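A single chain, nothing else alongside it, follows as structure tokens in the form predicted on its own.
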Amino acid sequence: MSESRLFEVIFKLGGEEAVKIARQLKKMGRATEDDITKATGVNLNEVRKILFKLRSFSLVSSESVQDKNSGWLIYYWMLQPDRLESLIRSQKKRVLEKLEEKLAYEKSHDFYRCVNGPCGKIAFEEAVESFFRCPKCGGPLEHFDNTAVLEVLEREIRKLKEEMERE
């Protein structure tokens, strides 16, 4: 997995400051929150917030060491670039599951939409309960052909499965 892809994912998770922190961790190998704050200029609370977020995605890890003088725990943080591939694979699997759930829902329901515009579509059961009147604006509902939605979902699922098979 390339370094640029790692930083691209980190940017999407935490923005430019997260990239600064990750680059610094890569350079230092192992660093405390204070070390990172001094090196990057990012405020300590933001550093902690970003580190915990990156840890929740397994892109950083920490180890604690007890300070012999004060007895306090000092946390050392390390970048885990080798976990990126696993993160991407699990996120793709999660997206695939959601797309498949959406496809199953779309296939198993008949939909109606408001003739007045952007009120959205509703399932047949809800349309019956509202006597085929829009629950948002009261306008009449008309049948909605979701064939195009089904085609898009099927295409995206197929593309994602093919991509995951190549990896």
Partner chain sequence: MSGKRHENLEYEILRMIKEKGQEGILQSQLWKLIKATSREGSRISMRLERAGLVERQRILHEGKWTYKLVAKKKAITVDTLIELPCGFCYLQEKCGAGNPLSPCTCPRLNQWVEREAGRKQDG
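Residue numbers count along the first chain shown, from 1. Worth saying up front: this structure is predicted, and the values here are computed from it rather than measured.
One more form of this protein exists, namely the form predicted together with its partner chain; it is left out here, but the text below deals with it.
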query	finding
Partner proximity in the predicted complex: residue 151 to its partner chain, non-hydrogen atom cutoff 4.5 Å	yes
Partner contact for residue 48 in the predicted complex: its partner chain, 4.5 angstroms, heavy atom	no
Its partner chain contact at residue 55 in the predicted complex, heavy atom, 4.5 Å	no
Contact test in the predicted complex: residue 42 vs its partner chain, heavy atoms, 4.5 Å	no
Stretch from 33-41, 61-69, 127-135, 106-114 whose residues place a heavy atom within 4.5 Å of its partner chain in the predicted complex	106-114
Contacts with its partner chain in the predicted complex - residues in 83-100 whose heavy atoms fall within 4.5 Å	85, 87, 88, 89, 91, 92, 94, 95, 98, 99
